[in-house]
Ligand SMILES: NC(=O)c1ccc[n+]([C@@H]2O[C@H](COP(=O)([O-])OP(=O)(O)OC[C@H]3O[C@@H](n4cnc5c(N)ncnc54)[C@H](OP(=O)(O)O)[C@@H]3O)[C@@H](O)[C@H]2O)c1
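Single chain ahead, written as structure tokens, the form predicted alone.
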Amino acid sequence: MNIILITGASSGIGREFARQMDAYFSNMDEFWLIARRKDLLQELAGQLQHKCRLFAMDITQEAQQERLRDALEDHHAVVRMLINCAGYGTMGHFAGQNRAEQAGMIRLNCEALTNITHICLPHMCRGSRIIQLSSSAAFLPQTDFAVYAATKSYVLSLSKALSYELNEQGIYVTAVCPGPVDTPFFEIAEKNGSIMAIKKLTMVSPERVVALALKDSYFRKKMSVCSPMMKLLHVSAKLLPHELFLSTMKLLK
């Protein structure tokens, strides 16, 4: 049974991946949709043409990860595409942030993503693809977004390494690195701080991010960066000292 597996499928970019892939991936037997809220998963499944298997669970919990592992084995699933979208971020000075939320961010954005990828790999075949949702925040450290940027740097680094490790097996990995995206992400992120106005000017739609990500994955690109501004940031972060960016961000606040 050929499947597409999406974490964080109940909203935002994960939801948009399900919608766009439902229209174009007719050769898939099932979509496996993972998120914590069952009601939102059921709502999404009702909008899709494909048969959907729903997993309403917290993927940071080891027991739930084992539940997924067992399901893959029991159904003899072949994961043709794994899309790791589950994650969150919070803004504000590090010292003033809730410690549990910061640790939870690391568990979800890094540890759970790593574990889900490791669980799925034995069920992937030549031609399978992995799309990991990173962020343009991965390109350099960010004040008032310190832990989130660090977690996304981890995702980008892991994705690049895996793209080389798995290349001989014919499994292709793409890290998606958008800038600000018009999703419910910022409803959580801005709980303790506000996004800079200049970032809001670079905001793009999830439809645009996902369409480019799928295209870049098809062409086996290791990274997908949406919008000219974010591509410029990526190049600039390689050429210029990060201290310059950090000082500039401080002045813009």
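Everything quoted here is computed from the prediction, not taken from an experiment. The first residue of the sequence shown is number 1, and the count goes up from there.
Just so you know, the form predicted together with the ligand exists too; it's not on screen, but the next bit is about it.
Partner proximity in the model of the complex, defined as non-hydrogen atoms within 4.5 angstroms of the ligand, places exactly one of 68-76, 160-168, 128-136, 95-103 at the interface: 128-136. Note on contacts: among 147, 121, 108, 156, the single residue with a heavy atom within 4.5 Å of the ligand in the model of the complex is 108. Mapping the unseen interface onto this chain, residue 58 counts among the residues with a heavy atom inside 4.5 Å of the ligand in the model of the complex.
By the criterion of a heavy atom within 4.5 Å, residue 183 is counted among the residues contacting the ligand in the model of the complex.
Using a 4.5 Å cutoff between non-hydrogen atoms, residue 85 counts as a contact of the ligand in the model of the complex. In the model of the complex, the ligand lies farther than 4.5 Å from every heavy atom of residue 18. Taking the ligand as positioned in the model of the complex, the residues of 1-28 that bring a heavy atom within 4.5 Å of it are, in sequence order, 8, 9, 10, 11, 12, 13, 14.
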